[in-house]
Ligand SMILES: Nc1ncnc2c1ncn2[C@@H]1O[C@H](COP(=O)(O)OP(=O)(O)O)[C@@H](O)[C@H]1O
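Encoded as structure tokens, the following chain is the form predicted on its own, with no partner shown.
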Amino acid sequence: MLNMDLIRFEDFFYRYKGNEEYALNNINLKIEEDNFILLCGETGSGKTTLIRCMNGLIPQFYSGFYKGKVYVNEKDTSSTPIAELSTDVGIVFQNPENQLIAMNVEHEIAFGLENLGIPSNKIAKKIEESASLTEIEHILDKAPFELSGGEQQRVAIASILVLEPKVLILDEPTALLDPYMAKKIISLIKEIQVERKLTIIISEHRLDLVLPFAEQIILISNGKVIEHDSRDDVINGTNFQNLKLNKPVIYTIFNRLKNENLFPRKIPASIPAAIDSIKKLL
């Protein structure tokens, strides 16, 4: 069975009100179901703007000039209410605290369901499932401001997952976390993707954490998607090499070895993959 396009950009341009330059230039992009996708680009390249288009915030909330079309699950994002699009695409932004508005975690998770008019008995079951999936059962009665950054991030994810979207988008989810908690959050997101068969789109500067889990990479530069392909093809190409990104140490080592003709295989994306490649050369 062929995968369906969950998100589709068709000849899409966008510039913010008051700006002369386009933040997005002629975007043609198809995102299919059940994928873990890394959205990658230099600071100011247009990553966050692209994300805002994926649930209708652009053009419905952020005013500006646009042309072209964006479809989410075949719904036109310019005319479909954002609340309706939220059941297809959920976004967790960089600072989760800004998304948390309820008095405690349980009410936070219930908020979106209550707005959709879901019966209370079904809400309780969905809260239980979402809390279990994100491992926050023990903090349901706590206020969001009492939580650590990692706990707030998991609550924000739980409040999106409870709506059962087909796509979960995360914009710099580890920006405010220490390395241990950052790794734990990324691992949790991958587990959720596998269990729910979601499409995950993650914009992240800490590539060393995300690259091992990614199946595809979207490279964006100066408001243009310059490449969208499998992870291994992208990291072995010149676009990835030339962009000024915080590249993983393992990439830097093997890229240099490859450039000096000392490593004849593809650049590995993780330590286990590197070990496996080296073993095959021995």
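Every value quoted in this text rests on a predicted model; they were computed, and no experiment measured them. Residue indices: 1-based, along the sequence shown.
Separately, the form predicted together with the named molecule exists; it is not shown, and the next lines address it.
- Interface residue among T48, Q216, Q241, Q60, judged by heavy atoms within 4.5 Å of the named molecule in the predicted bound form: T48.
- For the named molecule in the predicted bound form, the listed stretch (39 to 47, 66 to 74, 232 to 240, 25 to 33) containing residues with heavy atoms inside 4.5 Å is 39 to 47.
- Heavy atoms of every residue among Y16, N19 and R52 are located within 4.5 Å of the named molecule in the predicted bound form.
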